[in-house]
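Consider the single chain below, provided in structure tokens and representing the form predicted on its own.
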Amino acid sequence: MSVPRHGLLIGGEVVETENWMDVDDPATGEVIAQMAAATPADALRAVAAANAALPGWRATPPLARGALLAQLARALDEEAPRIAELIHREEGKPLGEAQAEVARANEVVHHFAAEAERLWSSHLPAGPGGLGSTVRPDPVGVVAAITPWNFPVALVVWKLAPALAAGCTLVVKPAQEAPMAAWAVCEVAQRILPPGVVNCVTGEGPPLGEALATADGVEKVAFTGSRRVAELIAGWAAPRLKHLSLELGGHGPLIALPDADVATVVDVAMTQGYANAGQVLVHRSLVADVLDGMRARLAGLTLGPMATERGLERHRMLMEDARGRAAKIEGGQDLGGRYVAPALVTGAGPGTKLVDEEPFTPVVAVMAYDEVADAVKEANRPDYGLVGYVCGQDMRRTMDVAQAVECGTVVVNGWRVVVPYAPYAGWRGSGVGAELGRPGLEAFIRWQHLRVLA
């Protein structure tokens, strides 16, 4: 049976390649599409197209850029059901979660369409001896956006929308494990924006990543993925002094204070824990109630398949490591194919891989503590700092603890992490720079000072 084929998006055209790669449905193993397998030469061709489009897009007035981005946002709203279905099929994410991802991503495009209109220059009056200064924003240039499979639309849009608002052009490289939905977003953008403003190359990660990170025509690399790959990208980009934004994952610590509402703790632990994994640090007085609440919710929890065989093997390794360190595991077993049961782990501590590392598999470790200072210390111990959570009812103390958690985002008494108007930044080993909000827009801007003396 034939399946759809999707070529590269370069310079406003769909470009076929000599070689193709299969995309499978992780729930069934069925091949559902073929994507073009780009070579480094193809990536450089996309960079050339982005550079050719840059002068015109840079010169487009902010109001006009904003209007085109608003048109893109409306088009993506119309395409949302189709794009969510692509996420569901290629990644295995439950359809409701895929729909939520697309809806939140589209909010980001709407937000930066408005932000594009607010990119004004500033005039600073001079003292004696000059006419003044004008400070103006200018786009950094061509951006290589390299994204992972776990949020294949959101993590493209977080780079695409602010870069376009700033006046940059892009080459998007989606994950080879889940490229279809990201490709679809770029295809919609290609329909609406001038040729070459948004390009998309699909294929094997390392050779394309190296080609983009070392290309003379790329001024910035915006990457989300593993620290290991980020170190490679930084090594390729550093000798050329390219701009870098790196978001490298996290550990999701949740601190439940002694006065925390148990229902809220359980809701956060379940919603964010089994979406992204993490550790739940619970005051000893609340542990039994929190575990009872989680067990009740786990009985009705349905997960999609693991997106990759590599992820399935990692899940098995983490379970085996935890057992070898005398942790107690409820669930976590293979269910056939790429399906696994969610795991609830108690008795794990430092030295256990699922506590020390980003698990990236459906497992939550619940750890008891006696002193709040010890919980904060444990939350900050692993070299991550992306998102943390704190639950408590004494707001003065809760906010003090939240500010002590060394993460770029800390959510208090809830689990909704991302809003378009606030920065999303990784601290420590979780990254460099910020996405979203005003800082996320300025990440794609360089500033020029025009000093007028006469």
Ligand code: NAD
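Remember, it's a predicted structure, so these values are computed and weren't measured experimentally. In this text, residue numbers run from 1 along the sequence as written.
Below, we refer to the form predicted in complex with the named molecule, which is not included among the displayed structures.
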I need the one stretch from 262-270, 297-305, 207-215, 79-87 whose residues put non-hydrogen atoms within 4.5 angstroms of the named molecule in the model of the complex.
207-215
Are E101, V109 and V185 jointly within 4.5 Å of the named molecule in the model of the complex, each by at least one heavy atom?
no
Can you tell me if L160 lies within 4.5 angstroms of the named molecule in the model of the complex, counting non-hydrogen atoms only?
no
Check E358 for me: does it contact the named molecule in the model of the complex (non-hydrogen atoms, 4.5 angstroms)?
yes
Is W236 part of the interface with the named molecule in the model of the complex - any heavy atom within 4.5 Å?
yes
Using 4.5 Å between non-hydrogen atoms, is S245 touching the named molecule in the model of the complex?
no
Candidate from T134, N380, T346, S226 lying within 4.5 Å of the named molecule in the model of the complex - any heavy atom:
S226
Going by heavy atom distances of 4.5 angstroms or less, which of V287, A275, I192, L232 would be at the interface with the named molecule in the model of the complex?
L232
Interface residues of 418-437 toward the named molecule, as seen in the model of the complex [heavy atoms, 4.5 Å]:
Y424
